[in-house]
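One chain follows as C-alpha cells, the form predicted on its own.
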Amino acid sequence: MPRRTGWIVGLIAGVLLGGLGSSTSGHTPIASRFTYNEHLFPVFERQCGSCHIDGGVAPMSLLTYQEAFPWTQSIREEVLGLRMPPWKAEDGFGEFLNGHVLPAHELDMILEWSSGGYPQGPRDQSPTPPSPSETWALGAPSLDLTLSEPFLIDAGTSEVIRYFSVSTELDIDRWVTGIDVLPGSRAVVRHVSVYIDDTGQASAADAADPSPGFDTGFDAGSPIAVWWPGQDLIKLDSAGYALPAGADLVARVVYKKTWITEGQAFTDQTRIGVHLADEAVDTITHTVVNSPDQVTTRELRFSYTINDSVTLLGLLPEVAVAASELQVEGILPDGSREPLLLIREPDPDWPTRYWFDSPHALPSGSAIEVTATLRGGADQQAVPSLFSSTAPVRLLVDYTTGAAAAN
C-alpha cells in the first residue's frame, strides 16, 4: 500500500478509535482488539527496537509494557506524522532496496491500541526484552576494524563530531561492497559515515591530535557508507567502491546525548565491518549536485547534465534549509521524466542513502533535476555536510558506467 494511503487509513482508524487528542492520563476504556504482549511488542521490537531499547540511542525503551504505555500519545503522533520509523521517501516515486515504511496494518494496530486503552494482555505472555545485538547485520565481514583507542564523551559534552582513521593494512586493491557498524556506546552513537583516504592526511591529523581521533584537517570527500541504528543495510553484488592498497578508512562519528543521558560520561570504541568483493567489480563513482548558494524563491530548482551513459545506484540528499519537500527526477534526452526520489519534510538528523531497487540507466545527455520546496522565510541552517558542501541543498549521486546492479 502506498505510504500516503497507509497514512489515510491510520488517520481514519485513529479518529474512530478515540481521536488524536486523547491522553494517557485518566481511565481510558479498553476498546482495542490488540494487546501489547500479543501484538504490539513484536512490532515495536522489529520496527523500533534498534533505537528504543534499554541503553539505546533513543531517550526511551518501548520493549516492555511498563516502558511503552506512558508514551502512547507520542507514539501515535509520531507514526501519524510519518516521523517514525525514520524513512522519508514517498512510496511509488522511485523504489528502494532499503525502504523502511511502517506497513498500513501495523500502523492501524498501533493507533487502535494507543487510542483504545493500550491493554497489556495476558500477564503470562509478557515478552522478554532482547539485549542489544552484537552480531553483524550483513554477516561476517571481510575486515573487522576497531577504532584504535576508546574516545571519551565527557559529562559536559552534549554533542560532538569526531573523525577516526583506521588502517586496512591491505596490500592489494579491493572493492568495498558493504559497510556495517557495531557502536561501542549505543546510547550516544547517533550515526557513522565512512570514507576512504589514500592520501594519508587523516592518519596524520589523527596522530597530531593528543586525543583519540581528530576534528579538523581532513578533506572528507564523499562517504562510501552512512549508518544509523535501525536502518536496513545493503550489500552490493556487482559494484563497489575502489579501495586502493594501503588506503585507510575514516569513520566520522556523531555523538549525541538525549535528555536521559545528559550529564553522563561515555566511552566509545566503535567497530566497522567491511565487506569486500572477491574479484573485481564495477567501480562506483560519486558526483555531488549542488544548488545555487543563494535562496531567492520558495522553489529551488537545479540540475546536473550527465556526459556519459551511467547506471544510477543510489542518492544521498542533504537539505540545510527548512523545506517541506525534495524531489529528484531523471530527464532523458527525449524530454521524458523518470521519478527517482520524493521526500516529505526532509530531516537532516537522519542522513540516508537511498539505494534503488532496480538501478536506473541514464544515457549520455540525460540530466538529474532537483526541486526543493522551501518554507516561507526559510533560512539556511548550520547542518554539517557529509561531503564538504556549503550549498543550501546538495545531492550525492552514486553511479557506475557499467551494468552494475545491487542484489
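A quick note: this is a predicted structure, and the numbers were derived from the prediction, not measured. Residue positions are given as counts along the sequence shown, with the first one as 1.
If you look for the form predicted in complex with a small molecule, you will not find it shown, but the lines that follow are about it.
In the model of the complex, at least one heavy atom of M84 sits within 4.5 Å of the small molecule. Under a 4.5 angstroms non-hydrogen atom cutoff, the small molecule in the model of the complex has S74 among its neighbouring residues.
Using a 4.5 angstroms threshold between heavy atoms, Q47 counts as touching the small molecule in the model of the complex.
When contacts are judged by a 4.5 Å heavy atom cut-off, V57 counts as touching the small molecule in the model of the complex. Contact annotation: of the candidates A361, A367, C51, L63, the single residue with a non-hydrogen atom within 4.5 angstroms of the small molecule in the model of the complex is C51. Put simply, of V328, V194, L102, V166 only one has a heavy atom within 4.5 Å of the small molecule in the model of the complex, and it is L102. By the 4.5 Å heavy atom rule, the three marked residues F302, P339 and R394 all fail to count as contacting the small molecule in the model of the complex. Contact with the small molecule, judged by heavy atoms within 4.5 Å in the model of the complex, is confined among 123 to 131, 222 to 230, 309 to 317, 150 to 158 to 222 to 230.
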